[in-house]
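One chain is shown next in structure tokens, namely the form predicted on its own.
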């Protein structure tokens, strides 16, 4: 640990918006609408006489996540009203949990580079999201006016609060990345969805006052926001000024933090139990049922892949980072060399997906076939192992396959990926390596069309052979084997 990081303490409060069909305490659709203030009702607006009722699916998500984080789940949980005034809160209080959350005292192991570290989980609780404010003509500090859209009001949130165990922005980012991955395995959060993962961070240096930075979106944002705030506090202390307890916002455009207000304490919110919501009993049968639904988590899969397939850490990390890709790898590993399959999925396929700005899951969904990429990879790997594709043509096949997609009218499944009559919309003959006789013809053509290169070679310029090999590759459209072409060129020139 560097000297720069030794006196830094960071704790995170991370909010995960849940993609449920309805909101947390009413039957309004939990989704964005074209028009503001249309997905609303008396309950999510807090009209007098309205009665909230808990969405049980949210409770299940909370308990499942708590168990994955090794938390102690409470047998009874309550909801409270957190009172404060802000335009995005129409009833002047937020329904949340304070006295008795869903779960407490958990732990998660993070990995930063080659270092591992345990991060304490203080608590996990459920609460409702407030409305969305839209600042016109500027940002929160200088806009001309602000509009409020209550469609988001009542969206269910899980809030995961950590101990102040992070000592650097890199650790905080690693934690969020691994948390997001775990939630994706639990089918609770998807990075490419419209549902955000936001964090509030509490930062102090040298045992000084804590500063809270609110609403930091995503995993890259947390590292930038924390780095700036740590630098700001160090600059203040260097100049002999005190760091005061404040709540600050993170300006993503300028990558700076800005003062919102002096920090409130929890007592300032005047929590009271919500009289409209009943106690929720989380008995052993309920907890066991949900525990049984927890799949193999990323860190468990990482360990198993290392043991079963003997792959390098970086390959395994990349494979398990996407649950669907990890599943497809295991299917491919039953047929093909595991290193070959892993290298193509993590290397060439990811390059193609990044170039097209799509994720693994998105391609399968957009194709209308969940096995889309699996089938394409099967074709590539089978022809590579059979020596019928060279590297260059295999890459082209994969690129064309992803970019072209499939004709939904055609039969999708294949039994033999090496069969020449596979109809995936691409002609396999266009990608296969040339045979010996074909290469001989290409070599003769290259020599006939380039007499100057032949003369150069005969004058002692051996580099001229490289030029002729390039001509053969061009004539064959990349299908000739360069080594074979070189041998045949030398035979012809001797």
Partner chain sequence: MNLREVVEGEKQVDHEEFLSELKEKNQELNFMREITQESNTGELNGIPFIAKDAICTEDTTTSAGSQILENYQPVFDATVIERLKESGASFYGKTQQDEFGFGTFSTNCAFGTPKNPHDKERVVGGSSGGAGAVVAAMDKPLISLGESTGGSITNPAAYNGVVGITPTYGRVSRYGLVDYANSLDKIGVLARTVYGTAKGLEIIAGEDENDQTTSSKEVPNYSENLDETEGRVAVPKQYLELDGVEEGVMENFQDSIDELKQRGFEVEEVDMPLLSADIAVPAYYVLAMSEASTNLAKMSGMRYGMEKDPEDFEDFNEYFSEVRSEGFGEEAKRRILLGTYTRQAGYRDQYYIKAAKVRTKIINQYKEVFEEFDAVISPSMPNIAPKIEEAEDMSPSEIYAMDTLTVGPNLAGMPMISVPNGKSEGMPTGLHIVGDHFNEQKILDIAYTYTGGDSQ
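Numbering follows the first chain given and starts at 1. Please read all numbers here as calculations on a predicted model, not as lab measurements.
Heads up, the form predicted together with its partner chain isn't pictured, but that's what we're talking about next.
Asks: Tell me which of 213-221, 75-83, 357-365, 390-398 has residues with heavy atoms within 4.5 angstroms of its partner chain in the model of the complex?
Replies: Comparing against its partner chain in the model of the complex, the contact stretch is 75-83.
Asks: Answer with yes or no whether residue 189 is in contact with its partner chain in the model of the complex, where contact means some heavy atom within 4.5 Å.
Replies: Residue 189: no, not in contact with its partner chain in the model of the complex.
Asks: Please determine whether residue 42 contacts its partner chain in the model of the complex, using a 4.5 Å cut-off between heavy atoms.
Replies: Looking in the model of the complex, residue contacts with its partner chain include residue 42, since a heavy atom lies within 4.5 Å.
Asks: Is there a heavy atom of residue 278 lying 4.5 Å or less from a heavy atom of its partner chain in the model of the complex?
Replies: Answer yes; at least one heavy atom of residue 278 falls within 4.5 Å of its partner chain in the model of the complex.
Asks: Is residue 54 a contact residue for its partner chain in the model of the complex, using a 4.5 Å heavy atom cut-off?
Replies: Because a heavy atom of residue 54 falls inside 4.5 Å of its partner chain in the model of the complex, the answer is yes.
Asks: Of the options 91, 312, 234, 134, which one has a non-hydrogen atom that comes within 4.5 Å of its partner chain in the model of the complex?
Replies: Spelling it out, the residue with a heavy atom inside the cut-off is 91.
Asks: Please identify the residue among 369, 272, 196, 112 with any heavy atom within 4.5 Å of its partner chain in the model of the complex.
Replies: The residue in contact is 272.
Asks: Output the sequence-ordered list of residues from 96-114 with at least one heavy atom within 4.5 Å of its partner chain in the model of the complex.
Replies: Read in sequence order, the residues that approach its partner chain (within 4.5 Å, in the model of the complex) are 98, 99.
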